[in-house]
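For reference, the chain that follows is the form predicted alone, supplied as structure tokens.
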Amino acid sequence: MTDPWQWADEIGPEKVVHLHDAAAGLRAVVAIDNTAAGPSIGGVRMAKDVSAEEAFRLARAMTFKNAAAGLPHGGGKSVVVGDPHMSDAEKETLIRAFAQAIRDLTGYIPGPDMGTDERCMAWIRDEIGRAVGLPPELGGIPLDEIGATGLGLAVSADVASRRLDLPLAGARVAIQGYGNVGRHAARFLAARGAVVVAVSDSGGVAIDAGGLALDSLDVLKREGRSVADLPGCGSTSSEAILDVACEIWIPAARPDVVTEENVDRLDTRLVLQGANIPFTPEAERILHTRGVLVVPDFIANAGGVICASVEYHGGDERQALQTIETKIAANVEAVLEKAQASGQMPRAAAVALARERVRKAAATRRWHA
């Protein structure tokens, strides 16, 4: 395995904690990267193949995401080894054991992520008294229901498309990962006149050059089926999403899905990174040299954590949606302006912006002296 500590620097991590409870079947890692601006917020990701390295890298992405969004929070992330499709009873046992294990990690506020949801956050809150992304009955803002992250991607498209002189009306969109993020991004972009021509999930891909029927796709997902089951449009090859010609390509699945080995298959003008760290650095560099505009993950997909922060500080759904629109539009504009003025890649400009905000926050803390 690649040594995860190669990413350690003056920002963090503050803690990387391995958790194990044999009785509950718990194996997990919590990475608290930085708390200079406030307690870290980051999701609880559940999958069979998660690792300490993934937790570490995602926590750093959250540090940058929260700093770039101007939130009073640092970055953290946790990964739980397990099948997200296990029975409800098994998942509750596992999540409650995880919650007990992080009780004393008070610098970390968990939220939902891939493989977990607001019900999982309710179990955690019940055990330790802190979590975001809670059910509405517990005062939460249903970020997956309102599509907080998908809204942020659509707002990013509004700003970035103007830079490219690319009208959203009629723009073809392909989305890798038709889950909570991808599904809502499709809805918000379609409402702006874009045409969603391809979507994928772990079971395959659905493609229709004339535009996919989003309502039909949603029915399939509610039934626990793949988008590949859409009549007349499906294929069992998820990789085919890489080959769909489009104006806007959105990765909304796992990390490192686009690498230097497959990046040349992309035929697009604009990439909005809905997933965290979905491209390798070399893949982003290759696209940049080709003139493809890539809006980095922690800028484009910050809608979910902005919503979580609003919830944590007592705000409501209306405030969350307004804050997402305002903050993400301003941040995308700032990053693209800085990138153009300096000749940097957008990610380099975004990292510089986030690092400066973290440094300024750290300078106010006693431990910094």
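This one's a predicted model, so the numbers in the text were calculated from it and none came from an experiment. In case it trips you up, residue 1 is the first one in the sequence shown, and so on. Definition used throughout: the rigid core is the maximal C-alpha set that superposes within 1.5 Å between two forms.
Although it is not shown, the form predicted in complex with a small molecule is what the next lines describe.
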Q) Taking 4.5 angstroms as the cut-off for heavy atoms, does residue 200 touch the small molecule in the model of the complex? A) yes
Q. Is residue 111 close enough to the small molecule in the model of the complex to count, meaning some heavy atom within 4.5 Å?
A. no
Q. Using heavy atoms and a 4.5 Å limit, would one call residue 238 a contact residue for the small molecule in the model of the complex?
A. yes
Q: Would you please decide whether residue 254 lies within 4.5 angstroms of the small molecule in the model of the complex, comparing each non-hydrogen atom pair?
A: yes
Q) Which of 229, 208, 144, 127 has a heavy atom within 4.5 Å of the small molecule in the model of the complex? A) 144
Q | in the model of the complex, the one of 134, 275, 294, 174 near the small molecule [non-hydrogen atom within 4.5 angstroms] | A | 275
Q. Exactly one stretch in 25-33, 46-54, 331-339, 301-309 has heavy atoms within 4.5 Å of the small molecule in the model of the complex; which is it?
A. 301-309
Q) When the two forms are laid on each other by their rigid core, does residue 58 show a Cα shift of 2 Å or more between the shown form and the other one? A) yes
